[in-house]
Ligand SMILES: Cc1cc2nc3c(=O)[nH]c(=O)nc-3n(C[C@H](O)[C@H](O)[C@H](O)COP(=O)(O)O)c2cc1C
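Quick heads-up: it's one chain on its own, the form predicted alone, in structure tokens.
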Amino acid sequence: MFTPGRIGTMKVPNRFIRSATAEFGANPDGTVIDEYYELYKDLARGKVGLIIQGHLYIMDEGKAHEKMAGIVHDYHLKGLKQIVSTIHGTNSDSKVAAQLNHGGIHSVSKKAPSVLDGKEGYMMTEDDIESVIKSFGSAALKAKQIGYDAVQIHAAHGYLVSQFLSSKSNQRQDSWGGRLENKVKLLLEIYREIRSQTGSNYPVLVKINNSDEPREGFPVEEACKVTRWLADAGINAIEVSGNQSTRTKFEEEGYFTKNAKRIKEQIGDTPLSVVGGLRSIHTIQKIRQDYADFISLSRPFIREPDLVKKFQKGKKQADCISCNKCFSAPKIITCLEKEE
């Protein structure tokens, strides 16, 4: 776990990834607040190998929730660039990736239907879809230009790209729906657009559900096929995640690992990371030795941003108890249990 790894052209100092975690700390206009810098400085000082920043909306219509940061307008970029500089300014060699996202039906923007507003979804037009694809590419280019080491496409957790992959939410009868080859087209077109904007050597990652259980709209068999196609297309790494609605209290360690192993069998040498309830160094090392190239953690790094260093010094178990109080922090995501 403490040896360097490689994702495309990016050398990562160890095998720990901070999985993108929504910070809930942006201003209403999508600019980051000052607390972002300390949050990411702490992660870098803690020797996290690759830090994936919480999702950034790639167009105003795709803002997934309030207090979400954006990577759309020029005024968004100054704060994002400072986050990159803050991480690179430590002596940790930590790398940082921007996670790019569109909220789809979960968007809180007044320009898009939103479940939160009690609206119903509408079928996107070809122009709508093309605009989304271009916006992902534009955001990726901005990320590269301001210094991010990589970008990650968010294709999980029921947001727009995930919605297209799921037969439960994608009821289209045209070339963007129906057969899996059609449902995956949005994701593949986004990847190709990002690649065309950023070049062949810039690392591009994807985060994808291992399945859509318990909703069953995207079974693991389809996840295996989609990730195989992504690997064939040249994606640089795949992070396996899943729906979090039923994953609150600590029940089992590594609840996505079984399906992640099946996915790894399909993608060959393409690096794979898995997230989801991992807490003990024993389990982490076993998964790493068995099949995973990297291991992703989210909530444990909220409580202990220096957890990598602690593991290296002999700590056996993360302190996180999966209570999810961190998502209720008043200003920016913080472990509230630790403060009690």
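Numbering starts at 1 and runs along the sequence shown. Here the structure is a predicted model, which is why all the values come from computation and not from measurement.
Just so it is clear, the following notes concern the form predicted in complex with the ligand, a form of the same protein that is not shown.
- Figure note: of the listed segments 28-36, 309-317, 269-277, 286-294, the one touching the ligand in the predicted bound form, with heavy atoms no more than 4.5 Å away, is 269-277.
- Shown alone here, S162 lies farther than 4.5 Å from the ligand in the predicted bound form, counting heavy atoms only.
- When contacts are judged by a 4.5 Å heavy atom cut-off, H154 counts as touching the ligand in the predicted bound form.
- Taking the partner from the other structure, the ligand in the predicted bound form has no heavy atom within 4.5 Å of any heavy atom of V12.
- Contact annotation: M1 falls outside 4.5 Å of the ligand in the predicted bound form, judged by heavy atom distances.
- Of the residues W229, Y255, W176, Y202, just one reaches the ligand in the predicted bound form with a heavy atom at 4.5 Å or closer; this is Y255.
- Checking K207, K183, K95, K142 against the ligand in the predicted bound form, a heavy atom within 4.5 Å turns up for just one residue: K207.
- Shown here without the ligand, the chain has G54, H55 in 48-62 lying with a heavy atom within 4.5 Å of that partner in the predicted bound form.
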